[in-house]
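Before any questions on how it binds or moves, here is one chain, the form predicted on its own, in structure tokens.
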């Protein structure tokens, strides 16, 4: 080997060593940041800010409001009028009075229209704003299922249809980025921007994720529901943004909840 070849070989080894060192340092920095985020979450668990939303939601549930001056205490969330305990764990589900499969948000809107006399547009106005009435109501309803196992019914033909549609949507690649939900959520131990990405094809991962929604998002300083999270995911994939309460979003929720079957709800959780 000539001196020139020996020099090139040595340079290649040095470059490889530097690359390995840089990658190791970056990985160590990411792991440290992730550890700090986990510690921060643990600190918040004793006083989760989402508890304020739960309190607001309970007050809204019991308050006489709207043109009819009625509360939501007679709202049927699937287990009978006024039954809140355990209801979130079995949503979305089919409702005969609307002829649709509904998630928690869309069912609450139906109750606000039927019982309180709100127009649908009024009931959903500002749903995306931090601290909105709808997010507070969903948070309250969800916390009443704490400890209950996820048991989303799929026996009705419409429930079965949305379960199949949700699975198709999860794997469908589309948009300018050619993304699908599965792009980020079908492999173990994936991460993006220090956020661990649950693998929804892994039952343990699916349960661990689904039992903590709604959740207080530290990065947003706000409580987000699962529907809000999914709409934002669709936006980030550069797909056309779905309407609030759209059947596509409900279908995805049916599929995701089904993947998390049996997980005991611990909402509200804490997310990055």
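Not measured: the values here are computed from a predicted model. Residue numbers count along the first chain shown, from 1.
One more form of this protein exists, namely the form predicted in complex with heme C; it is left out here, but the text below deals with it.
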Partner-proximal stretch of 75 to 83, 130 to 138, 117 to 125, 174 to 182 relative to heme C in the predicted bound form, 4.5 angstroms, heavy atom: 174 to 182
Can you check whether residue 250 is within 4.5 Å of heme C in the predicted bound form, heavy atom basis? no
Using the partner position in the predicted bound form, report whether residue 229 sits within 4.5 Å of heme C, counting heavy atoms only. yes
Examine residue 94 and determine whether its closest non-hydrogen atom to heme C in the predicted bound form is within 4.5 angstroms. no
Partner contact for residue 237 in the predicted bound form: heme C, 4.5 angstroms, heavy atom: yes
Of 148, 163, 197, 109, the only residue with a heavy atom within 4.5 Å of heme C in the predicted bound form is 197
Considering only 242 to 272, what residues come within 4.5 Å of heme C in the predicted bound form, judged by heavy atoms? 252, 256, 271, 272
